[in-house]
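Only one chain is shown below, in structure tokens, and it's the form predicted on its own.
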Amino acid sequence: MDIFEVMGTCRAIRQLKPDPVPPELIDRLLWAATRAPSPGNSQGWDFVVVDDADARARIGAAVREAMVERVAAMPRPDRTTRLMLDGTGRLVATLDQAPVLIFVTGGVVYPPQAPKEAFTWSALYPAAQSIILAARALGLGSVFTTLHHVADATIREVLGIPDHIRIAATIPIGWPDGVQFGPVNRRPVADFVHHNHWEGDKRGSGA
């Protein structure tokens, strides 16, 4: 699949079938993740792949307890917000049914002489995006989430992730369930591009 088609149709897929995903496909996602750029080619990432049912159940229960009521109470002023939050609600309620969870993690390791946390995120976020794009190319559903923030203690306990390791993304992986890939909803490119000089906020919210 052409990379531009992948990018243009890589919708967030929050409804996943519980059907297993072949390990060799997960391996391809992780290969893609480790092709991402990192500061000084430091490659300061680690990926915790969770397919154990008990581990997923414990993590899913902690996320549900923290998030179900919170998401349900969030306002839905327009169709886009409603679809996003309804999908998030379903994901939160069924996270443990996703056949695989990938946690993108890493330490503060660069530069070696004086490590700075900003460099950690500049490695982990591109790796997470590579997983999302590779999943789309393989027909797998995925979505970039930060659900680990609401269940950090449980996730670290269940998976043995040390406190000094940062968690950048929680990515559920599975086959899409009742949803389809398709064109993503984005503003025109011209709304964001400034040629040679800042031209003010083109979206109408001020300079």
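In this text, residue numbers run from 1 along the sequence as written. The shown structure was predicted, so the numbers you read here are calculated from the model rather than taken from an experiment.
Here the subject shifts to the form predicted in complex with a small molecule, a form of this protein not shown in this document.
Peer 1: For the three residues 32, 49 and 175, verify that every one has a non-hydrogen atom within 4.5 Å of the small molecule in the predicted bound form; reply yes or no.
Peer 2: Contact check failed for every one of 32, 49 and 175.
Peer 1: Just to confirm the contact call: exactly one of 80-88, 110-118, 133-141, 93-101 touches the small molecule in the predicted bound form at a 4.5 Å heavy atom cutoff, so which is it?
Peer 2: Going by heavy atoms within 4.5 Å, the stretch is 80-88.
Peer 1: Is there any non-hydrogen atom of residue 186 lying within 4.5 Å of the small molecule in the predicted bound form?
Peer 2: Contact with the small molecule, yes.
Peer 1: Is there a heavy atom of residue 21 no more than 4.5 Å from a heavy atom of the small molecule in the predicted bound form?
Peer 2: Residue 21: no, not in contact with the small molecule in the predicted bound form.
Peer 1: Within a 4.5 Å heavy atom cut-off, is residue 145 in contact with the small molecule in the predicted bound form?
Peer 2: The answer is yes: residue 145 has a heavy atom within 4.5 Å of the small molecule.
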